[in-house]
Ligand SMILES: N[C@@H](CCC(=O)N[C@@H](CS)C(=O)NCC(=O)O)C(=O)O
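There is one chain below, alone, in structure tokens, taken in the form predicted alone.
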Amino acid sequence: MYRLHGLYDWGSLVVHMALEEIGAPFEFVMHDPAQGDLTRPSYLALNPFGLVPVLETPDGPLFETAAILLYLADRHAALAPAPTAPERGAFLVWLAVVCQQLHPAVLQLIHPERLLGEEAQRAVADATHRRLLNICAKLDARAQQGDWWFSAAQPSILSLYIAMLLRWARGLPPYREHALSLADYPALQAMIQALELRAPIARVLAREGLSAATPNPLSAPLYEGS
């Protein structure tokens, strides 16, 4: 059995969804950063950076979201092209785009004060918003090419990862005008709306309390900013 360490609606959400889709048995271990859970020696032994998610596996503890997702996909032969598949290279490229470009941009959009302090946060947020729109446009253009791992027909670790990040980009920016509109990205919108209809994903969204306030917590989350 796997043990997933995380918090609801944090970076562990995508791993939670992947585990449910795969159908692997797992235990969700909830942590409270305010109580110092992520800085305890026992947790730092799992992830020396004190972040979530961490997945305890038969091969030892894993951290870093993309690494965990690839491990699960390859170990269970699900949610990603096989290592020998001809589309594996392209898939890895776009997974890297999501991990190295989309994920940092979304985090900076919702926490612009972290880069240069509160005095510069509006300028940082404006610049990050422009960059995020450009990244999403490129993702949407690629999604329109019909790769199954970007499609509405079949989930992948890539589509699950994007769905989590764009949920945050819609619901959490401190400036309302920066809240992402999925309608501007029809291929991504169709992909994410299809994910919400899947029973495994619906179970995770309910378990994490995300579907209590809105029926479409991935494609149309409520805006929670100021």
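It should be emphasised that the depicted structure is a prediction, and the values quoted were computed from it without experimental measurement. Numbers for residues come from their place in the sequence shown, where the first is 1.
As for the form predicted in complex with this ligand, it is not shown, yet the points below apply to it.
Novice: Considering non-hydrogen atoms and a 4.5 Å limit, which listed residue (D37, E64, E196, E56) is close to this ligand in the predicted bound form?
Specialist: By the 4.5 Å criterion, the partner-contacting residue is E64.
Novice: Using heavy atoms only and a 4.5 Å cut-off, determine which of A78, V124, L107, L92 is in contact with this ligand in the predicted bound form.
Specialist: Only one option qualifies, and that one is L107.
Novice: Choose one stretch from 107 to 115, 152 to 160, 136 to 144, 78 to 86: the one whose residues place a heavy atom within 4.5 angstroms of this ligand in the predicted bound form.
Specialist: Heavy atoms within 4.5 Å of this ligand in the predicted bound form occur in 107 to 115.
Novice: Within 4.5 Å, heavy atoms only: does A187 come near this ligand in the predicted bound form?
Specialist: The answer is no: A187 has no heavy atom within 4.5 Å of this ligand.
Novice: Using a 4.5 angstroms cut-off on non-hydrogen atoms, would V52 count as touching this ligand in the predicted bound form?
Specialist: Within the cut-off, so yes.
Novice: Using heavy atoms and a 4.5 Å limit, would one call G11 a contact residue for this ligand in the predicted bound form?
Specialist: G11 belongs to the contact set for this ligand.
Novice: Does at least one non-hydrogen atom of H103 fall within 4.5 angstroms of this ligand in the predicted bound form?
Specialist: H103 belongs to the contact set for this ligand.
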